[in-house]
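There is one chain below, alone, in structure tokens, taken in the form predicted on its own.
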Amino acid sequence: MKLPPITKTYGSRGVLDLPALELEDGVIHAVIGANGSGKSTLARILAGVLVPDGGAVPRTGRVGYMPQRSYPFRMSVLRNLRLTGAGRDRAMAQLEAFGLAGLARQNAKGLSGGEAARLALARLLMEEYSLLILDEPTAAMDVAATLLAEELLLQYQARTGCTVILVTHSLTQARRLAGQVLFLRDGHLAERGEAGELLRHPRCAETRAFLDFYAL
């Protein structure tokens, strides 16, 4: 997956300035960094929701996107999944996998934040994409729901072979899921590399300071 140089400014303030990148296909790439480092801006640009300064980033294949805040539709939990065109049995099986089957008849607007996030991810994973962009998908979930969602994501990625861009504030999540890591600092790419190596033995002093601060 080849990305052109990506820049984004708001007025006179630059929020993202990345070089051309080539990301390995079929791999989960975790994007980490402090608040304001440009992680969500990058996710929105790759998803086509936000246009960078140089024009839209070329896209190949189907792209799925889960933004940081996902809102369910004002209908039953089951109907939210059936919006994908899936039959009732398949939709119920997905709800069962995500621990939401008991809420199938409930209006999705009454879900808690963690339940709504699980529903959003469940709905997204009903379809197949070549590129999946997830912006803090488990931030609202408790530990058990997070681990379940991670396992289902790994199963989906293994089955479809899709490339995943995972924006996460959790370094332990990056370690559990990612094959590659990109560390953003002040809108710039400070370091990238294989997840196990970068998260344990970063080359860049800025990365090391970030990891030490969050006590991986």
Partner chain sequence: MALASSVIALAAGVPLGVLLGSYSGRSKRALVVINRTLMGLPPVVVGLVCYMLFSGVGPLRHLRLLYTVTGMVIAQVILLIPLITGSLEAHVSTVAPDIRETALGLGLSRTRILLLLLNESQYQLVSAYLLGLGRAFAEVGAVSMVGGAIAYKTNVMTTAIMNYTNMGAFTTALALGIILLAISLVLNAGVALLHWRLER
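Numbering follows the first chain given and starts at 1. Quick caveat, the model's predicted, so the values are computed rather than measured.
FYI, the form predicted together with its partner chain isn't displayed, but the following is about it.
Of the candidate stretches 151-159, 171-179, 61-69, 24-32, only 61-69 has residues whose heavy atoms lie within 4.5 Å of its partner chain in the predicted complex. Taking the partner from elsewhere, Arg105 is found to have every heavy atom lying beyond 4.5 Å of its partner chain in the predicted complex. For Lys109, a non-hydrogen atom is located within 4.5 Å of its partner chain in the predicted complex, even though that partner is not displayed. At a distance threshold of 4.5 angstroms between non-hydrogen atoms, Arg118 is out of contact with its partner chain in the predicted complex. Looking at Ser130, you'd find every heavy atom of it more than 4.5 angstroms from its partner chain in the predicted complex. This chain appears without its partner; in the predicted complex, the one residue of Ala91, Leu100, Met141, Leu124 with a heavy atom within 4.5 Å of its partner chain is Leu124.
Taking a 4.5 Å heavy atom cutoff to its partner chain in the predicted complex, the contacting residues in 77-113 are Leu83, Thr84, Lys109.
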